[in-house]
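Below you'll find only one chain, the form predicted alone, shown as structure tokens.
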């Protein structure tokens, strides 16, 4: 755990430059706008350790899988959102010396991510090798108002000298992914152009042939007037175009360099129109000017915060944490494009390839259901519907038949592209995350018609998968599911994982309910679906019902708990508190063999299931399972702490709920798991929002009614949040004095607060 960032309710602040923390800061201070994103790399030259990263939504490369032993069914590639052409480059040389914070003496370094405004700022004083001292103040943003525009304001003030300066402003597509399996570069040049004041590069990805055009223009001023340029050199080389501009700088006079960039992809423009379109976008940005661009960008963020902010009084660390999580979510995914989804690292790093996981359905969907128009959550579901043919193809590759659908663990286009066998083949619970997301969406929005329009076809495919994945155990006289990995990836290739079995049986029951509904309410549509899927209703539903009724669930009747899987109690049962500090995190300190044989849990499968289906269990059952599994859980999955917060809140374990909330809220800010340098944990950040709203706020939807059973942590004086629900906007504030609920817009509504009906108008 690292605590080098200052606590502030609206800002992330780093004071003083420590190169050992730099790659962590590059992740934490990342910015984006849903269409593109940028790690917090320095604009100028930096020869120290760095992970340079610019990213464009939807643009990926199928990097060939690299494994020691090829297995039948392995995907041939791992899809990766690419490190895209660098648009921020702005190198500065004064006399003979390049400004490089890896070699300069640095004073007064300050880096600030202003979450309210959506800007990244940096200031410092640098002393070059010849003693020349200069102050730099830089600010940049990816425009939320114009998704293809980025802008930089870079101000330089000589403090003890006057001299000649040369600034290189460029676009560089000669970039590489750190996680390239074979150190391959993924971009090829298509076009470049450079003239005084402008540079453009169009690059295409190998194999997938996405085109990205990155264009830049600039202006250099002093005292608000254009600086006299002594010399402009046009620089072009492979996949690179730019200008080197030389001018005089005077002591104590600030020179401001404005750089504007347009980043366009063939996902949104015809390839042969990209260059012309980039010039048009860039011209519009330059005409508008930096200050006006910034104001319209800030206006979008102002509206965004009005919709989704959570306020916490009395605890700055907690307030900063939740806003950081919301900020990263909202700059990663806007919901405007149903072709896009939410990568676990968003626009903050390369790990996990920027692809889609089950995190979206299990964690992100509830956040967007409550903080955005229903179309946003609907688009996340439609994304999976459009991938149904690929899910059927994925299942067929593994030997499943008759239209069984197996959704991928990792994907960009619906095709499985994960290459660790114990996850690719065995973490089968993920395919039912799609079914649960439908249920979540329908319960929250009341939009049952979704089942007829899109949902039932997906459910039939998933149900067919489960019906073929189980087998009958004569020994147990039950259906069993063998050879799986649950969400707890610290146990692989186990039999009868409780969560997997429970989720599979529930999916079959939910599909049967969906069939009955669509048949009754949309008979003609049901006929279309049955015909297209070649659905044998009597035969298939009989089998599904039998499996759901006769599924085996491992449990220990003496303790009154559900078991993670068969044989779990054969392990030596220990507590996390027994571990030495130097053993943590286990995945970086222990051998895999040792982890697999231990009782320690990355995230508790049983508790994940109880969280999703809490109404199926009485309070004492929940308590017994929580009390047994929580002490063994190391929370080395970013998805784990929030589930424990919600259950601990339900059980009245207030202190534990608060401690775990801080862990999920500040997971990246304090680098709990020593992995923030790879990028922030974007999808788990939605779990932080759930920790407050579903945990502390106790929000649930039961029988079409919103319920709240809130409590307030001892460290807080109050907290408040807003939720959108079926055309209404509600604000809930919890303080020492009680609970205040207000209907901010929409028709009158009755809600339940601590078991009592409250009418809102």
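For clarity, every value in this text was computed on a predicted model and none was experimentally measured. Positions refer to the first chain, counted from 1.
Note that the form predicted in complex with another copy of the chain isn't included here; everything after this is about it.
Asker: Would you kindly say which of 240, 77, 628, 590 lies with a heavy atom within 4.5 Å of another copy of the chain in the model of the complex?
Answerer: Partner contact (heavy atom, 4.5 Å) among the options: 590.
Asker: Can you work out which of 252, 130, 572, 620 has a heavy atom no more than 4.5 Å from another copy of the chain in the model of the complex?
Answerer: Checking each option against another copy of the chain in the model of the complex, the one that comes within 4.5 Å is 572.
Asker: Hey, of 170 to 178, 205 to 213, 515 to 523, 562 to 570, which bit sits against another copy of the chain in the model of the complex at 4.5 Å between non-hydrogen atoms?
Answerer: That would be 562 to 570.
Asker: Using 4.5 Å between non-hydrogen atoms, is residue 400 touching another copy of the chain in the model of the complex?
Answerer: Although another copy of the chain is absent here, residue 400 would touch it in the model of the complex, with heavy atoms inside 4.5 Å.
Asker: Can residue 66 be called a contact residue for another copy of the chain in the model of the complex at 4.5 Å between heavy atoms?
Answerer: Output for residue 66 is yes: heavy atoms within 4.5 Å of another copy of the chain.
Asker: Would residue 443 sit within 4.5 Å of another copy of the chain in the model of the complex, counting heavy atoms only?
Answerer: Contact with another copy of the chain, no.
Asker: Against another copy of the chain in the model of the complex, would residue 663 count as a contact residue? Criterion: heavy atoms within 4.5 Å.
Answerer: Outside the cut-off, so no.
Asker: Mind listing which residues of 388 to 421 have a heavy atom within 4.5 Å of another copy of the chain in the model of the complex?
Answerer: Sequence-ordered list: 398, 399, 400, 418, 419, 420, 421.
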